[in-house]
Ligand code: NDP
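A single chain comes next, written as structure tokens; it is the form predicted on its own.
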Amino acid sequence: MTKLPLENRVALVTGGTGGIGTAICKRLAKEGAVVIAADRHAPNVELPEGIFFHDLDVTQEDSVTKLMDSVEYNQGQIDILVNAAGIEIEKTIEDTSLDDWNRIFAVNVTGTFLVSKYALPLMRKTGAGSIINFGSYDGFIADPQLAAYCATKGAVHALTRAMACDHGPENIRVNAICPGYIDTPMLQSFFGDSGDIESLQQAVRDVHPMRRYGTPDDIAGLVNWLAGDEARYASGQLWVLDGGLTAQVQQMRL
């Protein structure tokens, strides 16, 4: 029987029951990994074989350490960490309250820091590991009224590079995936619920060279590659996955 690429590996995915997180969990499990889907929200469907849910609030240190204790007891190690938990706030800085600002940094940045910090000892047990953070194309350029979100993603980009430098000598690779428009509930929230939504959605598709926005499975494919041995020399990089959106001069489309 052919061995699966990620067989005998343990993957932890934060935000594991969200739109992108669910696709990632399913893909990693399909490739043979034992997957822990960690999230504040329990799945509303039965999980496929090889995927296990664990409650997690990435902003709370005791919640993170409790999860790591559970993983150490039940699986004994972590080979792959995907920091996919994240939220979006659609405001300018003038409209963003301090509570808004602290909340989005707590989830998107502090959550990435805390989960990575406490996963590292479990990665060292196997002598290797792959950490995959979630940045955004909004960490390079900006959409209107996403000021705090853009700031958090820029922070994740910098943190990813720093982690790659610090832990590369331990054979722990760290990369970030930077999605563009991906068809998730978060994207639908960005579109809103009034007016001609379909026309707006089509206009967004048309601004992409590929004339579509991405799917969670598109993201899961890149996660799978970065998690596996074929990406053994890939570290410290920000992988933009946006259908060519940021490759073009936008003014040429006017």
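Numbers follow the displayed sequence, beginning with 1. Predicted model only: the values in this text are computed from it and were never measured.
What follows is about the form predicted in complex with this ligand, which we do not show.
Residue heavy atoms within 4.5 Å of this ligand in the predicted complex occur in exactly one stretch of 199-207, 39-47, 225-233, 25-33, and that stretch is 39-47. In the predicted complex, none of the heavy atoms of residue 162 sits within 4.5 Å of a heavy atom of this ligand. Under a 4.5 angstroms non-hydrogen atom cutoff, this ligand in the predicted complex lacks residue 80 among its neighbouring residues. Using a 4.5 angstroms threshold between heavy atoms, residue 84 counts as touching this ligand in the predicted complex. At a distance threshold of 4.5 angstroms between non-hydrogen atoms, residue 136 is in contact with this ligand in the predicted complex. Contacts to this ligand in the predicted complex (heavy atom within 4.5 Å) from stretch 153-183: 153, 179, 180, 181, 182.
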